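Listed next as structure tokens is one chain, alone, in the form predicted on its own.
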């Protein structure tokens, strides 16, 4: 039986972070994962992260994964892939299935970071080929380069459903609709808005009645539901589709940690009862990341670092003072991500006002985009002469890259990263586009409401291929994705500094400068 100081199960964001901390403390650390490649969800996450610089904000998940792997290698973590841990036994022993044989290992401490699995919801025809989890679709696209389908119906408007819908559009799929039985969009409004302005309709208070087809999905029937989530007769609507993606939540994969006999509790699934450092009720057994409670990948990474430090302290590899100092720093960083409207303590609550006392956009929650009449309520939306930023961010989410992105001080967020971003009144925008490219929610636009008395310009983020070119003509789409005016591309900036977010400037009739938010090329 081979021995290590620390064994970590799961090479996702939490597991990698935990293993790094253990190895940096001097522990001989082994990391086991059942997949062929390490990194977990990070290598599927091609979007830019939220948070602050300390949380790797405005960096894409795939790049964060690469950074963590390099750090783990430098720290000396021994990574075992295609290695399925099939059991945890007394005295901190594990059994691992590798190929056609079983191997046994033992350690002073074990950290379980097995993540979560997608939930599925049954409906008539849900067993047809073409019905799959949104995460599975994301794996097909972003890891294997395979389009999961041509015409997609997405079920679920949490962050997973919204983010994957946008990535489906980037892959060239046609997203027919986003469906959710809840009466409000569940994820970040900025994620919903960037999908809505491409023309994808939202059907809130709706569910899937049936997926139709012979040997694969050919169409989907949806229906409106009442306040008790019962389908209202006569509201059924059938739409052509070959794929249904289901994004209705995640279940913690806690089977292994349950084998230890530690105390469990129900928190959106069965999870181990842990202290603030990830320690379970059994000494030397720890849990980190989604297996101990579902959160974003940014939170999972910080939790992993904290739990890795806790395991090192438990096993006597770091002193109390060192542990306390480093954990306090990590905890403070984690608490920043747990503020605002989407904080864990606000889950399930109906938030009517922002922290600043402004009304939450009803249109955004009910239709996926803000109504033009609501826009001027928010501090990021102002009218000024010349080019100026318009920040269509109306929810208190933990994110502030826009403040650091502007070298001219045009944007301020405030002391907390969940404060609504505001345009600085006496600032002068230089039209560099840095803030447009930096915003993870793609919610910043540079607008010149009156360029020459006839036209205005709108500069917007653009992440679709092929990129339009200067001189291309098409339509300017409003926030709902409806074509509202003729538009001409006048400039496209695609620099390495913008990290694959092109910054497109289009010329539109001046009366549409505060309305047009997406460009669709003529075909």
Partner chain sequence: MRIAKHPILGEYEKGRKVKFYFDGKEMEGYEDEPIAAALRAAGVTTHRHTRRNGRPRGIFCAIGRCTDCVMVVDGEINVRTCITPLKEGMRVQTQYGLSAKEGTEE
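Positions refer to the first chain, counted from 1. If you're wondering where the values come from, they're calculated on a predicted model, not measured in any experiment.
Omitted from view is the form predicted together with its partner chain, to which the following refers.
Of the candidate stretches 66 to 74, 22 to 30, 464 to 472, 51 to 59, only 464 to 472 contains residues with a heavy atom within 4.5 Å of its partner chain in the predicted bound form. Proximity to its partner chain in the predicted bound form holds for none of 160, 227 and 297, with the criterion being a heavy atom within 4.5 Å. At the 4.5 Å threshold, heavy atoms of residue 216 reach its partner chain in the predicted bound form. Contact annotation for residue 46: at least one heavy atom lies within 4.5 Å of its partner chain in the predicted bound form.
Its partner chain in the predicted bound form is not approached by residue 187, whose heavy atoms all lie more than 4.5 angstroms from it. Though the partner is left out of this view, residue 171 does reach within 4.5 Å of its partner chain in the predicted bound form, counting heavy atoms only. Here is the short version: of 359, 407, 129, 386, the single residue with a heavy atom within 4.5 Å of its partner chain in the predicted bound form is 129.
Checking 372, 232, 146, 332 against its partner chain in the predicted bound form, a heavy atom within 4.5 Å turns up for just one residue: 146.
Along 332 to 347, a non-hydrogen atom within 4.5 Å of its partner chain in the predicted bound form is carried by no residue at all.
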